[in-house]
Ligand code: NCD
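The chain below stands alone and is given as structure tokens, in the form predicted alone.
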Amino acid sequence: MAKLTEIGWEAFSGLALEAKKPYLEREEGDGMPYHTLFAQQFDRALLERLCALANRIRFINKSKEGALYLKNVLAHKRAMLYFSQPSSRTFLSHLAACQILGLTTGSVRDAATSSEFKGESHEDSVRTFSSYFDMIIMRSPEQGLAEKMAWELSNSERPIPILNAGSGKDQHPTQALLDIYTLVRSFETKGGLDGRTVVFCGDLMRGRTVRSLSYLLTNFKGVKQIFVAPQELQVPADVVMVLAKKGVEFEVADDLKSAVKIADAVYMTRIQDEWDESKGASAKIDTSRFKFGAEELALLGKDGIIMHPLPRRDEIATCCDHDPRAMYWRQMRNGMWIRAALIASVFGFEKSIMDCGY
């Protein structure tokens, strides 16, 4: 199996994402990632394994005895949560996932509280963390940083796994995992995820969750993707190219109501104005037709679901919150379970958890 120690950074960074996958897998050769950096690392078999493990962890954790068993699974490991970009759900769900499995955790949530404030490089910061911890879960506004740090650590004296909890505008693989997990659970008693229609709406140009989930959906048969957004915020060309290459049916549209009528799942996103090149640029875009409220709720099928990576602003009206089709709160909780499954798998405990007597 290819390893990151066998390829230089320039050569590795120049590879297509799918070509990078073998360099990021565990040495055991079971296909599970060692470093989790982008959605392209997960095929359907891996997704099904992780969803099954997340379900198993949920079940075991329901009893006190089971919860205590899980807390001993990784009690000998430590994880650093290195979040230099603001976060609530992503940080807390990773923290909760670590706690379920018994990992001791440390955290840096602001570069101003670390030696980076004094001019320390990212490379030196990460090497420092690797001296004290066995995994680094990192979130950064800098595109590609997690990938570069994974290569650096793999070529150091103390290689440890990196889990990308969001990097710039490009990828958010663990959010995509929880989104897939939510979709699979939502339709598991209704014929499954194959053949469904998923509508993405909002800021699709800068939404890294959209890019990652769109790719993961290509692992399922006959899933149609509809992208609804103002022209300025429509899905970027790289996503469209992937879908076209894979022969996935998709549509670019600007009418949310029409899309909702045929949707099995509606994935709403907020306007990500933190990426504005000039302050206030996003406010000039008319987004009034790209919000989900009572009218859209009435058009959604009885088995349809509404999703959102959160946080939200006004793109989903609060009147939708108590409808059983609103999955965004459950979606958020699902993140804790699927991230626990991923962390356990990275450290090689998938089989022991699946086979335990609880």
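Just count from 1 along the sequence shown to find any residue number. Just so it is clear, the model here is predicted, and its values are computed rather than measured.
Another form, the form predicted together with the named molecule, is not on view; read the next lines as being about it.
S.K.: Go through Arg196, Lys77, Arg208, Arg185 and name the one with a heavy atom inside 4.5 Å of the named molecule in the predicted bound form.
M.R.: Only one option qualifies, and that one is Arg208.
S.K.: What is the one choice in Met327, Leu310, Met32, Ile57 with a heavy atom within 4.5 Å of the named molecule in the predicted bound form?
M.R.: By the 4.5 Å heavy-atom cutoff, the listed residue in contact is Leu310.
S.K.: Even though the partner isn't displayed, in the predicted bound form is Ser156 close enough to the named molecule, meaning a heavy atom within 4.5 Å?
M.R.: So Ser156 does not count as contacting the named molecule.
S.K.: Can you work out whether Gln175 and the named molecule are in contact in the predicted bound form, taking contact to mean some heavy atom pair no more than 4.5 Å apart?
M.R.: Gln175: contacts the named molecule in the predicted bound form.
S.K.: Heavy atoms within 4.5 Å of the named molecule in the predicted bound form: does Lys257 have any?
M.R.: No, Lys257 sits far enough from the named molecule in the predicted bound form that none of its heavy atoms falls within 4.5 Å.
S.K.: Using the partner position in the predicted bound form, report whether Thr128 sits within 4.5 Å of the named molecule, counting heavy atoms only.
M.R.: Heavy-atom contact with the named molecule at 4.5 Å: absent for Thr128.
S.K.: Only one of 221-229, 120-128, 208-216, 283-291 gets a heavy atom within 4.5 Å of the named molecule in the predicted bound form; which is it?
M.R.: Checking each option against the 4.5 Å cut-off leaves 208-216.
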